[in-house]
Structure formats: structure tokens, C-alpha cells
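Single chain ahead, by itself, as C-alpha cells, in the form predicted on its own.
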Amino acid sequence: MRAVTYTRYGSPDVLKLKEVQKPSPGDNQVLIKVHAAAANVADWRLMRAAPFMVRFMGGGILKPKHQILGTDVAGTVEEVGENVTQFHSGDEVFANLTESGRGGFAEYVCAMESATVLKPANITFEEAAAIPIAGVTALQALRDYGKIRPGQNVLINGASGGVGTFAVQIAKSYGARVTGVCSTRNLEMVRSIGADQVIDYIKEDFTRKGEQYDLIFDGVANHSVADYNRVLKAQGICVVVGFSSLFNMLKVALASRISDKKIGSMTAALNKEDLVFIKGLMEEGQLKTVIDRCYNLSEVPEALHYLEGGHARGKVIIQINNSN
């Protein structure tokens, strides 16, 4: 099969399209013929080993531990392991490959049964591939860390990004009043997915407008602890999503100890229950995937270069086998 591999850390130039051996599923795995895979921030961070601590988080100290990137996929079940009971050959599924060593930028990949979910019939493979990391991150940040409740005033910083577009819609599904922060070119798109108000960060700083929020979801991490404190209501919560420096994490922890406002950072813990929950929102029409660009398998280096620039609108998708 064809796969995009890398054997050393560096720029997108280290990625090479090669013929490799097709995998076979373990006892608790399904073999998926991949139709689409999502490119995530974690992919280019693993590619570059940036920040350096990525090497200690499964990346490999001196060289990549797993030579095929890609963590979120959607496709058709080709074969199932001996202990698999929930899936059969031909099932259309989407999956997260964190527990399987990644490998999504390939024509076939093995996924754990416990991290695989049937694809909603009303969405495409491309839309399904975008769900796992971005959707679950948004859900857990708002529900588990942010304790979101109906009627709250919620701000999404980075509302046009891969995670932010899910966060806007999930916050609305919980009955919140949502303000999205994005660039000028993305204002209408963020409104179209449900934001009640949008702020153009090029023209305005949301931390200086005077409005306060019950909950801030920050997918950009471009403000100080003092900024967050200024715009959080009493007992308010700010959740900073994704990679932060150790220094920033310490500042956030200290700020939460000396204030009635809670400021914290998080990374998602992928689980099947949350994937199923998000699947339900998709089936009900409360949640949709926003896709910026699609690339072919041979164009993975270009896709990660584009994603690394930080201006993608929604998700970047890799189309592989007979996508619909």
C-alpha cells in the first residue's frame, strides 16, 4: 500500500510517499480502508518535534517512533480481528488512532475497536474524518473543564479554526450565547455556524471591550492571565486548549489559586463515549464539519505546511481511497 512516511524530524520535506507493507489487524482491531484522514496540529508538531517535549510524549527521543502520521480517519472496514464484535467488513466508520500508533496518512490502517465508531449516514467520509480530535477537544473543554450551562455568555477565541468551529456549535447546542473571535475574512462563516456575535480580532481586542464572560474557550492562547481575569465574570472559567509552555502553565495554575476565577489548560482524552456523543449531534444536524481544503495523499507535505501557517478555516483533509 502507499503511505506517507518520515524517518527523521524536520520540515515537510522529510515526508515521503512510499510503498509499505499493508497492516493486519490485531485481535481487538479493525483494518480500515482509509477514504479520508484529517491533518491536525499534532501532526506537524510531531513532524518537527516541536516543542521538544513532544519527543517524550510518544514521538521518539532521537527519531520518530511511528513513521506514519495521521491520527483521525474515516473509511470502510476491510477486515476485523478475532475478538471484534461491533464491526463487520463493509461497515463505514471513523476512528482515532492515538492508541494504535497513528498511521492515518496511508491507504490502510488498523484501529482499536474501542476507538472506532460507525459513520453517520448523513455525512461524507471527509466530514467524518474531521471529528475525533477536534470534536472531542471542543466537547471536553466546554463540558468537562468549562462546566458549560444554558444561558451562559461564552466566548470562543479562534472560532474559525479546526477545533473552534466545533466549539461554537457545541456551545450553541448547550444553549449558550456564543461570541466568536476570528479574522475579518471568517466573520460570516462563524456567524453561519451559530455564533450570536463575532469580534474581528484585527480591529478589536476582546479583552478590552468591557464585556465579561462566564466561560472562555481559547484555542489560540495569545492573551495573558491578566487579560483573561479582566473579562471573566466572578466564578468564571477560561480553558486554554492545546500546547502551552511550561512557564505559561505555571502562571495559569498560580492564577487559579489566588482568584475566584478558574484559568486552566487542557488536552483531550479521546474515548468512544464522546465520539458517539458527537456522532449523535451530527446525525441530529446540530453539528457540522467545516472543511477548508482537501489534499491528495501525495500532497500531505503541502497540507501540513498550510496547516502550520495557522490560518486554516476549519479542517484540512487528506483524500485517499475513493472518497465520496
Ligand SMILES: NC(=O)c1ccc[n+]([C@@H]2O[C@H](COP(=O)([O-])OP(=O)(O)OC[C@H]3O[C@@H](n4cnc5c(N)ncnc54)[C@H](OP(=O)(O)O)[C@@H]3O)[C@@H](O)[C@H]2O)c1
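Counting begins at 1, following the sequence as shown. Predicted, not measured: the structure shown is a model, and the values here were computed from it.
The form predicted in complex with the named molecule is left out here; the points below concern that form.
Using a 4.5 Å heavy atom cutoff, none of 1, 16 and 80 lies near the named molecule in the predicted bound form. Picking from 115-123, 143-151, 158-166, 228-236 the stretch near the named molecule in the predicted bound form, with a 4.5 Å limit on heavy atoms, gives 158-166. Out of the listed residues 85, 89, 222, 192, 222 is the one that sits within 4.5 Å of the named molecule in the predicted bound form by at least one heavy atom. For the options 71, 179, 207, 186, the one in contact with the named molecule in the predicted bound form, meaning a heavy atom within 4.5 Å, is 186.
None of the heavy atoms of residue 170 is located within 4.5 Å of the named molecule in the predicted bound form. A residue is said to contact a partner when one of its heavy atoms sits within 4.5 Å of a partner heavy atom; residue 41 meets this definition for the named molecule in the predicted bound form. None of the heavy atoms of residue 10 is located within 4.5 Å of the named molecule in the predicted bound form. Proximity of residue 296 to the named molecule in the predicted bound form falls outside the 4.5 Å heavy atom cutoff.
Residue 201 is the only one in 194-215 with at least one heavy atom within 4.5 Å of the named molecule in the predicted bound form.
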